Structures are given as C-alpha cells and as structure tokens.
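Taking the form predicted on its own, here's one chain by itself in structure tokens.
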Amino acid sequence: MKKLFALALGILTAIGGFVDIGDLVTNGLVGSRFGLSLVWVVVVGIVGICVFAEMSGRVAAVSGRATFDLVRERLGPRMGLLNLLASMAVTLLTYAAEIGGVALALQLATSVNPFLWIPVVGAAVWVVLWRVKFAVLENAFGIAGLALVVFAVALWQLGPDWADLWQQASRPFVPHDESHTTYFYYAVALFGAAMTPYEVFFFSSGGVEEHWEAKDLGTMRANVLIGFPLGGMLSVAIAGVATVVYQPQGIQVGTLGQIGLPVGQALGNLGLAFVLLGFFAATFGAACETGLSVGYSIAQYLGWQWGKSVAPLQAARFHTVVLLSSIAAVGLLLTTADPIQLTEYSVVFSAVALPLTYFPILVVANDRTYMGRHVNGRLSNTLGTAYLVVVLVAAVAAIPLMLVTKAGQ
C-alpha cells in the first residue's frame, strides 16, 4: 500500500500536467476541429516529458536538491535568472488559468458566475498550499483526478468507428477546411500543454519534499512511466469524444461545458457527476502545482528556506511568494480576462519557454559533481538532445504561428 501511494506524486503531476485546464481545452478543441490527426503530438509530448521528468527526478533523488537550486549554482546567477524570469512568467500565467479553470468547473456544478468563484478559489488554493500536508495534497487530488477516466469509458460507450479513429491517429492529415498553419499552431499548443515548465519544477521539488534518495530511483521512474502516459491516454480520450460527437456536426468546442457534454450523452447524469469531479480535481490539483512551483522556483534561486514540509514560520518568504502569486493570479482574472483564452495563451507561451527550462536540466544531469555514477547514459542524452532540437523549433515557431493564425482562428 505504501508503494501504491508513492506513485501518487506521479499521478498528481500527470493529471495536473497532461490533464489540466490547458489540456482539457486544447484537446477538446483540437478533437472537434482536427479529429485525432494530432494524436502524434501527444505521443511526442509523453515521451519528452518522461525523458526530462526522469532526469529532474533523478537529480533530486541523487543530489537532494531541486532544479533551480542547482541551475543557479551550475550555470551561474545570470543564466539562472533568465531561466527563472521566463519560466515564472509562464507559470504565473498558467496559475491564473488553473484558478479560472476551477471557477469554470464550479460554475458547471452550481450555475454561479465564475467571476464570483474566482476570489473564493484563489483563497482556497492558498489555504491548501499553506496548511494541507504534501502527502494529503498529492494523494487526494491525484486519485480524485482519476475520475477523468470516465472520458475513456464514454468513448467506448459512444461506439465509434474504431477503424476510422485509428486511421486518423496513425495517418495524420490536415482537414480540407483547415489551413496548414492552423494545424501546426495547434500542434505547438498541444506540445506546450504536454511539456509545461512547472511539471518538472513541481516533480523535482516534490521529490525533495518526500526525501527521495538514490535507492528511490525505481519508485521515481515508476512515477514517471505510469503517471505521464496515463495523463496522455486521458488526453487522447478527451480528444476522442470531441471527435466522435462534435467533428461530424462541424461544431467547434469553446467552453468547458461542451467538453463534458459527450460524457453525459454516453453515460447520463452519473457520467456528468464524474466529469465534474474530474474537472475540479484536475484543475485544483494543477492550481496547487503551479502555485507551489512559483514559490519553489523563486525560493530555490534566492537560496531561501522552502517547502510544505517546513513549518510556515521557518519558510515565511516561500509562503509569502505563494500568497502574492495567488493574489496576482486572482487579480489578473478579475480584470474579466477569459479563462479559456488565458489558457490558450499559456500553453503557447509554455512552448516559447521550453528551451530555457530543459537545457539546464540536461546540463545538470550530465554533471558528475552532482550525479556521480547516476549521470545520464547514452539513451538519456540521445533523447534529451533530440528533444532540445524539437523544443527549440516549437519555441521559434510558436509566436509567428499565433500571429499568422490569430491564435488559431
């Protein structure tokens, strides 16, 4: 049972990384417009996040230190600061999007305007991050987020033409009514949603919180190899139900409610109840991850005491950063910014920040000063280097594609 709960960190990271508000929105929209022709991007994203999450988790387990702590020391304060500023801009934007996602999920459950929920959600997330133990956080939201498996059940119940879905997934194509630039814009968005920077910050910092050591590398890899592929499969299921229900009718998904409706069509009110639980758990869990990631990264770079396992008075500056970032995220949303549009921007800007996130991890994972005999092997370096090329291409293409397509319009 202890080993089972040890996997909860990976499950929470996967549910909050692959199936956060960004993934819910992007996969639903992509499924309704492009069918399963962009599933290859999800597969590429799964492999990529597994490669770098394994590196960051191994670094944390062997060195006992988290990502930004080592990046500043290994690459110097200037490179570390550039990394920090780029990743924090994206993570804070994502934090606001996740809080907005929780508010949208609560709107679906209560019919109360989401802007009335936003301050309540922001305060609730901060209280959880301040008072709730890390183990409770990862176990509760990681396991509750598994309610999103209902999308896979609904896809089966809808009885689609499996041969047609397989053909769409295995032979990518651009639909006749879509442009190639729009297709690749959403490819970059899906890739950014899969490999958002906060995932590795949270994963490595969580490993330090749980006192991983070199003997725990097997558990860490199980977290990676079970959690992230699970998140990827849920992403494909979300795109699948949108493909089956909306694409034949030419309906473009634009709201969180539309994403969940096919489950209600297939499974009735019970299915919708699971959808609402899954939406809430995934977005709230992701909000906790991103909020912690802001605090983790700034505190680690500046050398402050940090962590949920540390008494708040001993890590006062860490908790102050989390509080201020929560206030800033709520303030951004209360400008009446559309949480869905904010989500779409956050996943695209995530792609822009990817090289600054993953290059330092590759460097540290190859440094014997920190890693000893646990440095990267040939396979890790080959995959890591190949993915740096991919993330660089995605980063360079993201903004031009967003401008040319008017954010996928």
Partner chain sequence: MSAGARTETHDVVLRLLDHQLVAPDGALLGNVDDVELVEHGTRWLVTGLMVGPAALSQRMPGRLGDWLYAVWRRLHPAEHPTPVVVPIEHVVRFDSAVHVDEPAAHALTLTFGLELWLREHVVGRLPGAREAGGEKPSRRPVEPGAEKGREGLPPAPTRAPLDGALGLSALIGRQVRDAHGEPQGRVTELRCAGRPRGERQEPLRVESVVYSRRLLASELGYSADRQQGPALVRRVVRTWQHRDRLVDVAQLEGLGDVDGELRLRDSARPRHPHDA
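Quick caveat, the model's predicted, so the values are computed rather than measured. Positions refer to the first chain, counted from 1.
This protein has a second form, the form predicted in complex with the partner chain, left out of what is shown; the following refers to that one.
J.: Using a 4.5 Å heavy atom cut-off, which stretch among 180-188, 274-282, 70-78, 102-110 contacts the partner chain in the predicted bound form?
T.: After filtering at 4.5 Å, what remains is 70-78.
J.: Taking 4.5 angstroms as the cut-off for heavy atoms, does Pro312 touch the partner chain in the predicted bound form?
T.: Yes, Pro312 sits close enough to the partner chain in the predicted bound form that at least one of its heavy atoms falls within 4.5 Å.
J.: May I ask you to state whether Leu388 is within 4.5 Å of the partner chain in the predicted bound form, using heavy atom distances?
T.: Judged by the heavy-atom cut-off of 4.5 Å, Leu388 is in contact with the partner chain in the predicted bound form.
J.: So in the predicted bound form, is the partner chain close enough to Gln168 to count as touching (4.5 Å, heavy atoms)?
T.: No.
J.: Find out whether any non-hydrogen atom of Trp306 is located within 4.5 angstroms of the partner chain in the predicted bound form, and reply yes or no.
T.: Flag for Trp306 set to yes.
J.: Of Leu356, Val44, Ile340, Leu362, which one comes within 4.5 Å of the partner chain in the predicted bound form, counting heavy atoms only?
T.: Of the candidates Leu356, Val44, Ile340, Leu362, Leu362 is the one lying within 4.5 Å of the partner chain in the predicted bound form.
J.: Which residue among Ala222, Ala89, Ile251, Ala316 has a heavy atom within 4.5 angstroms of the partner chain in the predicted bound form?
T.: It is Ala316.
J.: Residue by residue through 278-304, which ones have a non-hydrogen atom no more than 4.5 angstroms from the partner chain in the predicted bound form?
T.: Heavy-atom contacts within 4.5 Å come from Gln300, Tyr301, Leu302, Gly303, Trp304.
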